[in-house]
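Next up: the same protein chain in two forms, each one alone, written as structure tokens (structure 1, then structure 2).
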Structure 1
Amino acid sequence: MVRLEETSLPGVGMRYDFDGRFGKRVGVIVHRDGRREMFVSLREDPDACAQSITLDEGEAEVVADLLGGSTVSRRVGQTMQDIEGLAMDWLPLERGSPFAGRALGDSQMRTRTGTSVVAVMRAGQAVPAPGPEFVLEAGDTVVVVGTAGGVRRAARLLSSGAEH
């Protein structure tokens, strides 16, 4: 069960966040004007945001649907159901990563960790379902889906080149 924290941001809106199972804080800010801002915390500084994306109401609905929101209650603040055995994470591709500048296929992500790369975020834009020839760049955020352990291994693979 996810424990959701609710904080009011005077003049801005409401913030909902939780400490994710994979060591990152994940949250959504509902702005007064209806914009939704989604963020993940920085690994080495859990108080700070590593990434944040701002979505308008329509876009937020689409993302919620993509994440399985249609089968789950859409009202934030109520308990969220997690789908047993399935995990998703946004993995930042740091400058030192061995895969920066190389094709996605070179990482052999699926063979080695059992996870799939469902999208790559670059400069605020999403590249959905990138193929094996897609060239990763430092600064990208790789969105992976798999088992909890697989996602953890994928994070290690991307940062060090070895999954163990």
Structure 2
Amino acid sequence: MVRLEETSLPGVGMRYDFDGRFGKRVGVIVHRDGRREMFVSLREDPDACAQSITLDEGEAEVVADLLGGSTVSRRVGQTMQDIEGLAMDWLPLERGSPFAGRALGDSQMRTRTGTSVVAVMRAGQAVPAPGPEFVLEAGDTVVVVGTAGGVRRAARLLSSGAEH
């Protein structure tokens, strides 16, 4: 019997993972905005992700159907930690982002998406409450808080420069 571990990620959602048969740890992070992030890591270090893929709600449903469905989906809805109207997410800043190498203020994140940047993760270190002069770099992870829709707009803004 596979032992599924559940970990609450306040403001983000839930993490579900288990030890696979071949020395790997397999899991899914269910974000409050509906995205699912599947990941594989080494059993010895479950926080060091070896592979990951992000799925939107529709893609996650297709994969679940292909895998035969699950009782986990019923538990996800019951155990999600809800703060009415608030979502938080960690958004990767990819090499091709129009904001890589530019000041955070250039993004006009709050004005354009309604979200606030509460931290930036760089090389495993947190930079809490970065100011508008903080220069973003490819590989950073931008931590945003706002509505679920605002968080989705922030993700699009960071990746393409457009919030819609």
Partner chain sequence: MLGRLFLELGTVILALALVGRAAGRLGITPIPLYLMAGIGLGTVMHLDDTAEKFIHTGAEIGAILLLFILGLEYTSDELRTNLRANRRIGLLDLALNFTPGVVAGALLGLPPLAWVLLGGITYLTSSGIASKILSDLGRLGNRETPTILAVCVIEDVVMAFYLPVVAALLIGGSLLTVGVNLALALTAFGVTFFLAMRYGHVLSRVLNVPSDETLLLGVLGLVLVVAGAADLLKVSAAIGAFLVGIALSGEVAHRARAQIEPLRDLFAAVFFLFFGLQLDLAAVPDVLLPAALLALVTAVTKFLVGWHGAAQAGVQSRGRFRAGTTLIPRGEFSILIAGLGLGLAPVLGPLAAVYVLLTAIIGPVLARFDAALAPRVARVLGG
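All values reported here derive from a predicted model rather than from experimental measurement. All residue numbers here follow the sequence of structure 1, with the first residue given the number 1. Heads up, when I say rigid core I mean the largest set of C-alphas that superpose within 1.5 Å between the two forms.
- Only structure 2 of the pair represents the form predicted on its own.
- The rigid-core alignment places the CA of residue 62 2 Å or more apart between the two structures.
- With the core held fixed, the Cα of residue 32 is displaced between the two structures by 2 Å or more.
- Taking 2 Å as the criterion, residue 14 counts as shifted between the two structures: its C-alpha moves by at least this amount when the rigid core is aligned.
- Core-based alignment between the two structures gives a C-alpha movement of 9.2 Å at residue 51.
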